[in-house]
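Here we start with a single chain on its own, the form predicted alone, put down as structure tokens.
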């Protein structure tokens, strides 16, 4: 009789195996489905830096606060970002102090806001990975085509491949994010395998997650780098060529600062020269802000897989979802919010 994925996982007695689930949605689904409870002692799941709000550094929040309060722009942002602490204050605090900050559901909503408010400068806070970047690129291209000059973006977009390489020693294998992989395709993971990085692409149902973990268990026994697409019904090798072409047209790679990981070369995206007039940093002469979060917050170590959220001294005490100190407790995809919600300790 063929072993089920659960049986493969539960019967594992090999060397200690550290698996990093990169995607915040995976983190929450693994908790919700009770998958952590069936893992044998030798298998450890680590929550990685796949939450875009979590890896956005304090300096970006400081820049946004500067634009809202000093430059009096109308900021448009996704909801999770509003409560993320900056060095001195969050966007929620800036709003209390008179900053005009609106929640939108897409970059095109922000562009529409600019069209309807020609007397205001509208800035969209563009964070996220390859999944959401095409939407920002489309909004910028439409702004150029329609000659909408009161629209710009403050960018903190990131790409995952170089982050995997930077985290190579943090885990034995990665549970690659299905959402991002739909856009990028799987060729990048084949290239990472050649660099000694192992992992599988996982879906989000119980069966898909268990099958992906079982695949890692089986393939780890070969003691050589591996890659497997365990989400083939959605993810292909080619990904979404049109979306990737749009990204390449509007943006180009740049170095990027990640919360907890520092600057990772080539892991960010910035506007190309053709679209540079839509860069809010240049348009409003935003000074360089490196930013600094609460020194007691251990989000950086959580994102690198060095500690569990519950090992941070602030977790569940000074830092809760109602009064978050760190970004990982703010975001609905954050590891700290997952550990708090599901009571992991």
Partner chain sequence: MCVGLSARVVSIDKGTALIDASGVKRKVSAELLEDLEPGDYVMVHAGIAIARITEDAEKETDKIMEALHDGNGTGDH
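Predicted model only: the values in this text are computed from it and were never measured. Positions refer to the first chain, counted from 1.
From this point on, the text means the form predicted together with the partner chain, which you will not see here.
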query: Of the listed stretches (67-75, 262-270, 224-232, 166-174), which one has a non-hydrogen atom within 4.5 Å of the partner chain in the predicted complex?
result: 224-232
query: Pick from 188, 197, 148, 246: which residue has any heavy atom within 4.5 angstroms of the partner chain in the predicted complex?
result: 246
query: Would the partner chain be touched by all three of 88, 256 and 326 in the predicted complex, meaning a heavy atom each within 4.5 Å?
result: no
- request: With heavy atoms only and a cut-off of 4.5 Å, decide whether residue 180 touches the partner chain in the predicted complex.
  value: yes
query: Should residue 50 be counted as a contact of the partner chain in the predicted complex, where contact means heavy atoms within 4.5 Å?
result: yes
message: in the predicted complex, does residue 108 come within 4.5 Å of the partner chain, counting heavy atoms only?
response: yes
- prompt: Any chance residue 144 has a heavy atom within 4.5 Å of the partner chain in the predicted complex?
  reply: no
query: Using a 4.5 Å cut-off on heavy atoms, what residues in 105-139 are near the partner chain in the predicted complex?
result: 105, 106, 107, 108, 109, 129, 131, 132, 134, 135, 138
